[in-house]
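One chain follows as structure tokens, the form predicted on its own.
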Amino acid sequence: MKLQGSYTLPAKREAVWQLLNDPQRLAECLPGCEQLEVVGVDHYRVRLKLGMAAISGNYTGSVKLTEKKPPAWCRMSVEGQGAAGFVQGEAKIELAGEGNQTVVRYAGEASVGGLIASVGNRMMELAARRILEQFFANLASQLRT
């Protein structure tokens, strides 16, 4: 499954970069995040509880940031699993400053397995987009405070 898109956030690029690299504030932005723990440099263990149709349930996994070029871009790899299945993916995240705003562009691919794979690509893409929209709305809220 391929995912790509962009969101405009109400802050300068440096502020957005700082937020994306602050584990405590980032945990507050991740939908369903119950725990985000630092396990190494730019490496996090995460526990999520999601409540969306076929992907509802508890998930544990890891997030790792690599190839960081502050404050312009980085790569992110994710792995997660729960009773409904697993997900693995990688994305490139770019931050482009436009005045007092930042456009965040992301492009990546994810693969899923287990029961969640049986819901089909279309349903998974819709669920992923909903999670991303909520995440970026939470980021925007954090940046306004």
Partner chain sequence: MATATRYMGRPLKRKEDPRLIQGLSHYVDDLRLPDMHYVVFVRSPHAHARIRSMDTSRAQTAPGVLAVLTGQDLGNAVGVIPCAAQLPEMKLALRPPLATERVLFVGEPVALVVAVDRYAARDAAELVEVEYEPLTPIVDPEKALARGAPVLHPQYSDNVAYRWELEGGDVGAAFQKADKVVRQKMVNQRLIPVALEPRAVVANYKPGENKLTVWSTTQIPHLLRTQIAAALGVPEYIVHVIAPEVGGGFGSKLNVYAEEVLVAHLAMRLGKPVKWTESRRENFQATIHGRDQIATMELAVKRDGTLLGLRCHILADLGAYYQLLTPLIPTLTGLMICGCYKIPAVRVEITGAFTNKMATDAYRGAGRPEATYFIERAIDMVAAELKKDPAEIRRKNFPKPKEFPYATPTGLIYDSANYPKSLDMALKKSGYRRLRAQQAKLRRQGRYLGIGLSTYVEICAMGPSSAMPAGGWESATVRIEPTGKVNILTGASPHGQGQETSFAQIAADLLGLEPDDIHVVHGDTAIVPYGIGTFGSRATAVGGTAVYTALVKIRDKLATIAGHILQEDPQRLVFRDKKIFLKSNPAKSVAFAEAVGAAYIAKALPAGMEPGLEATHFFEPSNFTFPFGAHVAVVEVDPETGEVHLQRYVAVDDCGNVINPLLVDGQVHGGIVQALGQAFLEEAVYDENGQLITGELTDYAIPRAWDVPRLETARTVTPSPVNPLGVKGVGEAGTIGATPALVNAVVDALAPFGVRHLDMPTKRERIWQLIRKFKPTGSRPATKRVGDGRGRRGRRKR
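Numbering follows the first chain given and starts at 1. Quantities reported herein were computed from a predicted structural model and do not represent experimental measurements.
Keep in mind the form predicted in complex with the partner chain is missing from the figure; the text below concerns it.
You can rule out all but one of 94 to 102, 61 to 69, 80 to 88, 31 to 39: in the model of the complex, only 80 to 88 has residues with a heavy atom within 4.5 Å of the partner chain. At a distance threshold of 4.5 angstroms between non-hydrogen atoms, residue 107 is out of contact with the partner chain in the model of the complex. Taking the partner from elsewhere, residue 112 is found to have a heavy atom lying within 4.5 Å of the partner chain in the model of the complex. In the model of the complex, the partner chain sits within 4.5 Å of a heavy atom of residue 121. The partner chain is not shown here, but in the model of the complex it comes within 4.5 Å of a heavy atom of residue 117. Relative to this conformation, an increase of 3 Å or more in the Cα-Cα distance between residue 122 and residue 74 is found in the model of the complex.
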